[in-house]
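Encoded as structure tokens, the following chain is the form predicted on its own, with no partner shown.
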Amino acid sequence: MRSINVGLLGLGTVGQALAQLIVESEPKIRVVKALVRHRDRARKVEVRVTTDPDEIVRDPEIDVVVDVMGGQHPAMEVLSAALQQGKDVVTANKEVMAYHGPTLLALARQHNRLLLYEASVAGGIPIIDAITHHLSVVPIDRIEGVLNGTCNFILSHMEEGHDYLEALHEAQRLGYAEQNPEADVEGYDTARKLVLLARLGFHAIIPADFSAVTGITGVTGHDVARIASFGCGVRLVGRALCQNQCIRLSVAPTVYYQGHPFLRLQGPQNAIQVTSAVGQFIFQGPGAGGMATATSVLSDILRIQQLLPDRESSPTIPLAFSDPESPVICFPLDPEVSLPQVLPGELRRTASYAILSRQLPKGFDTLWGLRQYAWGEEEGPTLR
């Protein structure tokens, strides 16, 4: 196996974990240089650093450029330049792949380069590889999952009796949440990851932004306690459906009956459930953290090192994309299922409801009352 030289874009938590992992386990891979914002900052690993991205992109010694810095810009410009310079690219950047992935992948094919992005979704879970290869043999109908460890930690902590702000502050103290957690708690991080999975799973062109995104900032301790009294729990779930040649994406806090795999997730764990004609597949594991993400990045570097052929892009299918209406409650996914009288009983059968983004009414005990409250209609919504 030939030796390979790597240039890092970013030397934060993931970048340092990756550099350390390479030193400890891969003697034929060498980190030549890393792009940083602050040259003199103390770090756990010894790597040559630069503040000029051109020193990475134009260095003839570097074979693979690895993006672990995040954000759309300057990542888009630097990765484009790297591909044009004939370098392979590995990225953990879900934002740049959600908004610019099709352009970057086309550029990679144009220059006969590899662009791999396993670590961009669900950290250490090999879901990109699974959907790209094994699960793509038959059409995929549904992809849904808990894709954000920060929200998972906060909701788990709220189940212990804490309110939202207390749980958020604890997540920040432990390093699970950023000081500005908007992308996580408002659902945008989950939405970007969902777009990447849906593009691969449905072989379709899907825009990076869609309107049906509700985060967890409106979920109160009262909501969580009331849901728990029904024998249920709540997680932030991204859901992508492909039905009747139409794709629908949504992100919302979703209630599940106790015993559902999503409710067993703790801390930064993620889980993705993929449904196809074969059946249901569930993938679960660490969705965040330096070492978990670094392992997925390194697996992509090793794929390039082994000179495996590039993945041919699947032809896109001309499916319609429709932004669904955004009611505050999601009723059964199956429109043939009649609405129940009591919420917990129905959850035992379908386990797919999104909760209100505001405090539940004190007298709430039936789905009929919830339907009137959510839509303000006596007859409730029409399911189609």
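Small disclaimer: the values here were computed from a predicted structure and weren't measured. Just count from 1 along the sequence shown to find any residue number.
This next part talks about the form predicted in complex with L-homoserine, which is not shown.
L-homoserine is not shown here, and in the predicted bound form it never comes within 4.5 Å of any heavy atom of residue 144. Taking the partner from elsewhere, residue 271 is found to have every heavy atom lying beyond 4.5 Å of L-homoserine in the predicted bound form. In the predicted bound form, residue 178 approaches L-homoserine with a heavy atom inside 4.5 Å. Not displayed here, L-homoserine is approached by residue 287 to within 4.5 Å at the level of heavy atoms in the predicted bound form. Listed stretches are 147 to 155, 103 to 111, 237 to 245, 224 to 232; the contact stretch with L-homoserine in the predicted bound form is 147 to 155, by a heavy atom cutoff of 4.5 Å.
Residues of 178 to 192 that come within 4.5 Å of L-homoserine in the predicted bound form, judged by any heavy atom, are 178, 184, 189 in sequence order.
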